[in-house]
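A single chain, nothing else alongside it, follows as structure tokens in the form predicted alone.
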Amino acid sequence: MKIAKTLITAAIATLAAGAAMADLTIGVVLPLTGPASGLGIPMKNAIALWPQSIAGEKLKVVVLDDATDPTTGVKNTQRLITEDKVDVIIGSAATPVAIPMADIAAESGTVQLAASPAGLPPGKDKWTFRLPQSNGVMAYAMVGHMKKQGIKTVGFLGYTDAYGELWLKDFTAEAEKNGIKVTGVERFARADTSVTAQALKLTAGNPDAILVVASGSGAAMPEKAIVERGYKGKIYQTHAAATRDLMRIGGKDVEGTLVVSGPAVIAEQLPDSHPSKKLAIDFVQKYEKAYGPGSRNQFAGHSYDAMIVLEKAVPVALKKAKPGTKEFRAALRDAFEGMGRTVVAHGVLDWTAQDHWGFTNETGVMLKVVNGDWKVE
């Protein structure tokens, strides 16, 4: 059944790209089902809006569902490389899936544009570039906001997987530098349907704030559990929760929630001087014309940005080799490392040989849920 769904998805995506016989092949692995589907589906929707060619090369896009499962993500990546002969891979939007995909991409010498903040040991990301902001960049913005609020103690309630672990590490380091203490740490799995015990332990300590580290539709459940325990302090969420699923599922319980996000989500509220404003508004207008008012999403913005960096790097790589060859894949990697300051909807990227993250500390924006909508803090 899972295989059938995958093939159907691939066919739809290829039709959306409008190219039966293509010259430049892009493989996409996203969580279209499972706990992280709220991240993958908006990305797939935005990909359907891509142009039909890049630098005169016809574009073929093959989208596969990783079902928020690392094993499936790895199998899909292997298929894209061996059967579809892709020139570049995008995905996954789920960190625990994106990390093992990086090994397959590196072994084959294929660029991976990770759609999640995939933490890899030094040297392991030679072929992996990230589209989202790093957790460290987002923790910088979040802790800065906490300092202004006079927060001294924070409880942590996050996923047991790589996304939760990386956030705990990066947030704790940034918090300690600013005199903020993490007073309690509780964890839960993405598939869990209740965190009552963890919420009880955290709220009993009554920290000034609680940081929830979860994603998409799974971000509301732990916050509701905290609120239902009578907690009155401030609640923060990460950029993986910057989707309308938070308000749709959380309702009044998430009013006042503070969420760190990339700038694309609040395009109209950016100052005119913000370098990303023009692109962010273009992204929002195109996406919401296709999918309705208010449908914008942090992860849909990553798909928009993926096309921006491809349109900049592909012409450079084409000067050295043709798509479908290992020489082109290597040239594309070099082009990403040398593309310099690049404005995207989510900020300003500057990938180099030493830095495959790219975004600066000024990228993160703090949002607040007010009357079921986003408001810049």
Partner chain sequence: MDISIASILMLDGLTNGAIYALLGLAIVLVFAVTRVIFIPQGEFVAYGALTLAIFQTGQVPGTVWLLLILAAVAALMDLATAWRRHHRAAPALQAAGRTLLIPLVVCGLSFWAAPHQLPLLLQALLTICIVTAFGPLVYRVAYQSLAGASTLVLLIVSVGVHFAMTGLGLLFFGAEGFRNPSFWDVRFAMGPLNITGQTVIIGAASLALIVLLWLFFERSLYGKALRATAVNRLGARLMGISTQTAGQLTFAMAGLIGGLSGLLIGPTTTVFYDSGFLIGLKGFVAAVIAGLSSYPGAAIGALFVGVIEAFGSFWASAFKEVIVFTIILPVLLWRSLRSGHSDEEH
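Here the structure is a predicted model, which means the values were calculated and not measured. Residue numbers count along the first chain shown, from 1.
Not on display, but discussed next: the form predicted in complex with its partner chain.
Taken together, 69, 96 and 164 are entirely out of contact with its partner chain in the model of the complex: none brings a heavy atom within 4.5 Å. In short, of 330 to 338, 37 to 45, 317 to 325, 53 to 61 it is 37 to 45 that has heavy atoms within 4.5 Å of its partner chain in the model of the complex. Out of the listed residues 149, 194, 285, 178, 194 is the one that sits within 4.5 Å of its partner chain in the model of the complex by at least one heavy atom. Just one of 79, 187, 124, 277 comes within 4.5 Å of its partner chain in the model of the complex, counting any heavy atom, and that one is 187. By the criterion of a heavy atom within 4.5 Å, residue 32 is counted among the residues contacting its partner chain in the model of the complex.
Looking at residue 91, you'd find every heavy atom of it more than 4.5 angstroms from its partner chain in the model of the complex. At the 4.5 Å threshold, heavy atoms of residue 218 reach its partner chain in the model of the complex. When its partner chain is considered in the model of the complex, residue 173 lies well away from it, no heavy atom lying within 4.5 Å.
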